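Here's a solo chain for you in C-alpha cells, the form predicted on its own.
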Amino acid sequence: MSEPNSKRDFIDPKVVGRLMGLPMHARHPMLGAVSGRHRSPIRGSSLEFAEYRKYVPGDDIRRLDWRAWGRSDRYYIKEFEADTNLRLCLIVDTSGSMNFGADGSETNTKLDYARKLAGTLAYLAAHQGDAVSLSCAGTEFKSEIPAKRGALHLGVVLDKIAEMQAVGETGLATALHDAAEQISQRALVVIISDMFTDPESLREGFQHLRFRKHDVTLFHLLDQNEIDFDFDRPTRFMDLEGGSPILADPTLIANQYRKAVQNYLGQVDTLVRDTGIDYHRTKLSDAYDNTLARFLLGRTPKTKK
C-alpha cells in the first residue's frame, strides 16, 4: 500500500503475504467512523443478530419480528451488531535498553524486533481499512502520530518507525497515561517494550487504558541471556539507560540474579492478570512472524454453532 523505501527493510513482503489471511480483530466492541469488520457497541442492521427489544413508537416497522408478535401478542424489534473499523494505536518503547541485542550483540536488537512487529501490524491494519497511530515512549526520543487511515498515512507511520532510536530512560509509564487521555475512541492499543522498569510503576497506566475501554496488548521483549544469565567469567555490565557500568563475577551472583528475574517475571504475570491485558512474552530468538501469527489467531472470533 505504500511506496517502496529502503529504510523500511523491517517490512518483509513474504511475511506480510503469509499474515494477510489472518484478520486483526479486537477482543471488545469498537467505535469507528466507517463501516468495517469489527464489532461495535452500537446496534445496527448488519447480518449478525444481537437481541430483541420492545417496540417503541418511531422504530422502523420493517424490523418488527412478526413471529414473536404471533407468539406473545407483543411487538418486538430485532437488533443486530453493527460493524465498525478499528483504531490500532502502537506504543513502542524507545528507551536505551531497547538497544540490547540477541545474545548480547549490537545487532538484531530489541528495537529492531519492535520495528518488525510494529511495522507489520501497521501494514496489516491499514490494508484492512483500519486507522493507525504511533507513539514512541522514551524520554529523549518521543513522537506521536495521530490515528488516520489510508496509504499516505501508513507511509508516514512506517517512516517514523524506521527513524526510531533507543536512547535514555524509559517514558513508558507516562506514555500509557497520555495514550489513555488522548485516544478519543475505543482502540486496540499495542505496547511493545522490554519492560525494563518496576512492573508496578505501569499498573496505573494499564488500568487507565482499560478504564477507557481500550483493548490492550503487550509484547514483552526479552533475550534468553537476560533470563539464564549464563556467563562464566568476570564481565563488565553496561546500563544502556545511562547508569554506571558494573564489573562483576557472574558465578558469585548468578543464583541471586536468577531468583530476582523469576520474582520480576512473577510480578509481571500478576500485573497483566490483574489488569486484564493481552500479554505476549516474546524472546528475540522467536521468529517474529510466528509471534504475530499467534497474536492474530488468538483474536479470531469463535464461530457460533
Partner chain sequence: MSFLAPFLLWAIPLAILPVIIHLINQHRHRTVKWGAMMFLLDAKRMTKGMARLRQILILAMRVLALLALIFAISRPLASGWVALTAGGAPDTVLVLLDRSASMEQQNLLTGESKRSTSLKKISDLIEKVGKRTRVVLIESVENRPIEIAEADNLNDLPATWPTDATADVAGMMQTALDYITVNGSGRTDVWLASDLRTQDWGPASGRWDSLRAAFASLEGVRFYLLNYPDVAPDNIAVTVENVKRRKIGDQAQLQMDIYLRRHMPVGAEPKPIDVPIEYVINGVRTAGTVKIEGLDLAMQGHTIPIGATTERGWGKISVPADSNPRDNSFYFVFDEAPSQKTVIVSDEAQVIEPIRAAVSSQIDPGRNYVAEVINPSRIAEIPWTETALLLWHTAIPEPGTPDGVQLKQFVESGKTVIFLPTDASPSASGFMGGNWGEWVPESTDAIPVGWWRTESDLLANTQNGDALPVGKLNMFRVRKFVGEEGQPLLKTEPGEPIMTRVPTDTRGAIYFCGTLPSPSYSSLAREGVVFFVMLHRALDQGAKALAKAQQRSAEGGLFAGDETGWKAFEISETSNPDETSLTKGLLAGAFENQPRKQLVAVNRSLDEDSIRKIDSSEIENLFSGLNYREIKDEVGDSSSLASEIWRAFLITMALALIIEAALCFPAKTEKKVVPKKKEAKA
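Since the structure is predicted, the reported quantities are computational estimates derived from the model, not experimental observations. Residue numbers count along the first chain shown, from 1.
Although it is not shown, the form predicted in complex with its partner chain is what the next lines describe.
**Q** Which one, 76, 206, 196, 123, lies within 4.5 Å of its partner chain in the predicted bound form by heavy atoms?
**A** Only one listed residue qualifies here, and that residue is 196.
**Q** Check residue 227 for me: does it contact its partner chain in the predicted bound form (non-hydrogen atoms, 4.5 angstroms)?
**A** Result yes; residue 227 sits at the interface with its partner chain in the predicted bound form.
**Q** In the predicted bound form, does residue 286 have a heavy atom within 4.5 Å of its partner chain?
**A** Yes, residue 286 sits close enough to its partner chain in the predicted bound form that at least one of its heavy atoms falls within 4.5 Å.
**Q** In the predicted bound form, is there a heavy atom of its partner chain that lies within 4.5 Å of any heavy atom of residue 240, even though the partner is absent here?
**A** Yes.
**Q** Tell me, yes or no, whether residue 278 is in contact with its partner chain in the predicted bound form, where a contact means a heavy atom of each within 4.5 Å.
**A** Close contact exists here: in the predicted bound form, residue 278 approaches its partner chain to within 4.5 Å, heavy atoms only.
**Q** Based on heavy atom distances of 4.5 Å or less, which listed stretch (92-100, 169-177, 184-192, 151-159) is in contact with its partner chain in the predicted bound form?
**A** Flagged stretch: 92-100.
**Q** Only counting heavy atoms and a 4.5 Å limit, does any residue of 245-266 reach its partner chain in the predicted bound form, and if so which ones?
**A** 246, 247, 248, 249, 252, 253, 255, 256, 257, 258, 259, 260, 261, 262, 264, 265, in sequence order.
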